[in-house]
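In structure tokens, one chain follows: the form predicted on its own.
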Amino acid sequence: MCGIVGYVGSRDAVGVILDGLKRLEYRGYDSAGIAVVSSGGLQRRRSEGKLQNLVRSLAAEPLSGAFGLGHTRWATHGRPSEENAHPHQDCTGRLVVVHNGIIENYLALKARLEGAGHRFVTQTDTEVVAHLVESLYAGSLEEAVRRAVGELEGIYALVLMHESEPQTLVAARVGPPLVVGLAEGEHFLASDVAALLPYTRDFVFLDDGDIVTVTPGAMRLVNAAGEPVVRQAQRILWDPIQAEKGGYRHFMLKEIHEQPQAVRDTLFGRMGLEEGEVHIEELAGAAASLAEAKRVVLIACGTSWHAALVGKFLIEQIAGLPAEVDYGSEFRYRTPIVDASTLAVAISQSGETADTLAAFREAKRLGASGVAICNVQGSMLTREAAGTLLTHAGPEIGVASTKAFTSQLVALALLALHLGRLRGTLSRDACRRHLESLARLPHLMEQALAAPGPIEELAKAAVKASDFLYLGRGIHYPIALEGALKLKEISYIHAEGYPAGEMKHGPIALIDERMGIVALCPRGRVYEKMLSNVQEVKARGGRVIAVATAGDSEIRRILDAADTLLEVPALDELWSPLLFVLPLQLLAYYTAVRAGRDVDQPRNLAKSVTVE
């Protein structure tokens, strides 16, 4: 989950690396460090805490160099400290390494290297890589790295440099993402394309087992055996301005307000309104598997798992296919019943989520056909899927996912409609009606965000609560889960999502005037039952935040002055989750701001979970 940036070229390496690390700080912010090589040799600077501490250190004692590497850390082995911050160096101080991942056999390697006289000064697993490469170095860093990775067990993205090999960086990947940015007379390395968008749009995504050596004028890619590998560059069309705050106080608030456009972009070119068809060219190669599937398994983690739960409702109702949802982190540790009649759908914003990737591979090993829903073209997931339904959310910098979630819901809606048409369970006319509703979504989302109701004022009271219970039924139960997740992620207030019909089986015992209750009450087939659940809460002294369809007079009648009503525009029940999640995102955001939390970089969390 850590952030890595490397640079070789004619620019000042320090400026390029710091700029990239700023764009990657969402991946980890326990500590940060940088190393460059200049005429004075290899120089290194590290700081505990956020990247700004390193920036201040460099302002007090500047560094400069034409090539170098940097890192922002999310701690796994060793507490956050300057000593444990990357880059780590060998005994000579002439070689440094940055690392994302976990070296599982580091204790055995460390014992062996200590026995050979190497001196360790940190608690990290990463330092063993520096000493291992040092022990194998004989004038070629690439060869030493290639031999070293043959001894490593675990997952890693590594970038190394040696002061005796000017303008050269060597990198290796098994697991966590690593990309090479291509430009005339310079090359870049990074954990994420977002770090490098101001400098290049052309990237080579490394595969597991790849080892790459970059100099200003060349890139050499080999496999673990040292054999040359040819891989095509991918052009990323994201605008670098998309990764800036654009006048908003936080990235999260900006990304909440970008959702209507993200939904438009995900729908664009895929809706055949006149003919009542869905056009997903990226899945054309998997059309037979989609048409012949007897069941669907949706695999995801975190917020993407909540999107998958909504997808289950859509696929079963629209396409008539049985669907189940699995946590990527749990799928492999039972005995999943998967065969050639199963369609595995992996959902990941980054396409690099370790648990989701591992579960997806296991499903395919058992015979399933596999497609993906992903936001990053060229990521590992997109390369391993038979087809990928790309979302077009653009870069999402805030750790708490918002526009990636709603874009995934739209992609799942398109997939469900596509499956329905392929399988003949959905008529053209019915598909056309659904597409007409989806076409209205971006405008209705803009309306909901333009008039968010008393949410900022509501946050003043919400921040005083120690617990929240989010209640929903049917297709809105996953939205209750997502609303609770957002609140606890960024405000650190305990929150729990629950099926409203299950409230009487336990959670009702917790309800009193001190607990916040959020009830999702859309017009639909379970509307009256939700109203009954609200009345049960009211009867026990609970204060209710009800989210309901605009103009709903019945819900108003059962609320009183102590309660709050948040309204969203009316839309078909199937697609209304995309509207009902918006006030929940805003409630979490303003509550976190009121509590003085670091909204974009909440404690202990990182954007992309690339280690198990």
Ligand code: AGP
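Residue numbers here begin at 1 and follow the sequence given. Since this is a predicted model, take the numbers as computed values, not measurements.
The form predicted in complex with the ligand is left out here; the points below concern that form.
Contact annotation: of the candidates T388, S401, T406, T266, the single residue with a non-hydrogen atom within 4.5 angstroms of the ligand in the predicted complex is S401. This chain appears without its partner; in the predicted complex, the one residue of L253, A286, C301, V338 with a heavy atom within 4.5 Å of the ligand is C301.
Partner proximity in the predicted complex, defined as non-hydrogen atoms within 4.5 angstroms of the ligand, places exactly one of 428 to 436, 528 to 536, 127 to 135, 349 to 357 at the interface: 349 to 357. Using a 4.5 angstroms threshold between heavy atoms, D192 stays clear of the ligand in the predicted complex. Heavy atoms of L485 reach within 4.5 Å of the ligand in the predicted complex, making it an interface residue. Contact annotation for 191 to 218: no residue has a non-hydrogen atom within 4.5 angstroms of the ligand in the predicted complex.
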